[in-house]
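There is one chain below, alone, in structure tokens, taken in the form predicted on its own.
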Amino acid sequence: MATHSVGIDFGTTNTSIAIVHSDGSIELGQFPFLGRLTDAYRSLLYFEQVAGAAGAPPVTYCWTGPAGIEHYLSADSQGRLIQSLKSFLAVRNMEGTQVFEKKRTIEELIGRILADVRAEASRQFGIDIRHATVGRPVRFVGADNLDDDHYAEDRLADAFNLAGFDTIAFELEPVAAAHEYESRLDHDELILIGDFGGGTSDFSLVRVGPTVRENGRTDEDLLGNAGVGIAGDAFDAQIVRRLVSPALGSRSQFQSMDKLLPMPAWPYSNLERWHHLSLMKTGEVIEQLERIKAQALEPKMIGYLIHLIRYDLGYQLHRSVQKLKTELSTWTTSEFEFRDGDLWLRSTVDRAWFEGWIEHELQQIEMCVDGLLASTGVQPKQVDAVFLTGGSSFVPAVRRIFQSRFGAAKIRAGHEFTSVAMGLARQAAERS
């Protein structure tokens, strides 16, 4: 075995890294955040610009992950927060974005996050990390065909290269989760892996266990996989649509000449997508919304929308939405609250309402799971266990999809946010 084997799960929301040492022990990367350590490195960047010395141009600083959040929250004047970049990889007409005076590519932005993860983990593990097994979804968000999917993977590979990695090997994220689950087994099983990320839900049917390890893995051990571009971010979007956008004027009207027109849909559509929200903070967008506000029947609401965009409050909004979703996974009722200055949104939400809001997304997940079973010819009774990982696996309505097909006794969980990274590291060790 090599002296170390590294796995990296670059996620839409969080990134995690794990290493298998030469003695077979496994260790997760830990990162400082608000006085404690976390194994979830937030997949975001925060840019801030300060005045240069007399006569010198302004200086731009960039922080990523936990440090980016800390600087963003403590800043007197907000800079630029960018998150959920993985969702752009398959979008061919999205090459990058303007950050202050400089155009930065998606690959460059992701590469900066990965470079900081590599540097932090290298210090913790005491090695110079240059090689890794890297997770990828079954289908990237926005990929309509295989060409789009290969395009997204190539862009991600370029980002790792920019981050200082010499070589990487891609593996499907649900297959990596299967390897982590397998490490607990003393017998063979046919398992269904459900990996719920921020942008995608991926499923694989895999044979695992000691016999598979001893005989050597073959292509036949992976019976099939399927994925759908529906996951945690899509659930978040429904919360934003129902609770946030109406308070910011989505159902309002404005005067244009002698006509009353509904508010345009585009700002609210972008509000629902974390990766687009951070790109709306431009002078052109603010000016356009100010013109609409001047003619709006409810200008105060449009003012709130402008305030949210101008002060780049996407992170705070995301945190409020996540808190509601997490609490509704435990309780049948929870309180949604988002406040910044005069903007104060507050609502009591029943779990049944939330499940109604995401009914369409749940149906798409069901169709994906059923399609995988049909394409492989596997009956639910033949599946020995169902291992669910990722944040949205906690949502009760999601778990019921699997309980109704396979029975509650077959549902397995554990390391929901790090199982993919740990499985990738185990795969890297196995290959070496």
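Residue numbers here begin at 1 and follow the sequence given. Please read these numbers as outputs of a predicted model, since none were measured by experiment.
Omitted here: the form predicted together with a small molecule. The next part is about that form.
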| query | finding |
| --- | --- |
| Asn270, Ser347, Thr333, Thr326 - the one with a heavy atom within 4.5 Å of the small molecule in the predicted complex | Thr326 |
| Contact test in the predicted complex: Phe196 vs the small molecule, heavy atoms, 4.5 Å | yes |
| Distance check, Ser183 to the small molecule in the predicted complex, heavy atom within 4.5 Å | no |
| 4.5 Å heavy atom contact, Val395 to the small molecule in the predicted complex | yes |
| is_contact(Asn161, the small molecule) in the predicted complex, heavy atom dist at most 4.5 Å | no |
| One stretch from 205-213, 317-325, 161-169, 261-269 that, in the predicted complex, holds residues within 4.5 Å of the small molecule by heavy atom | 317-325 |
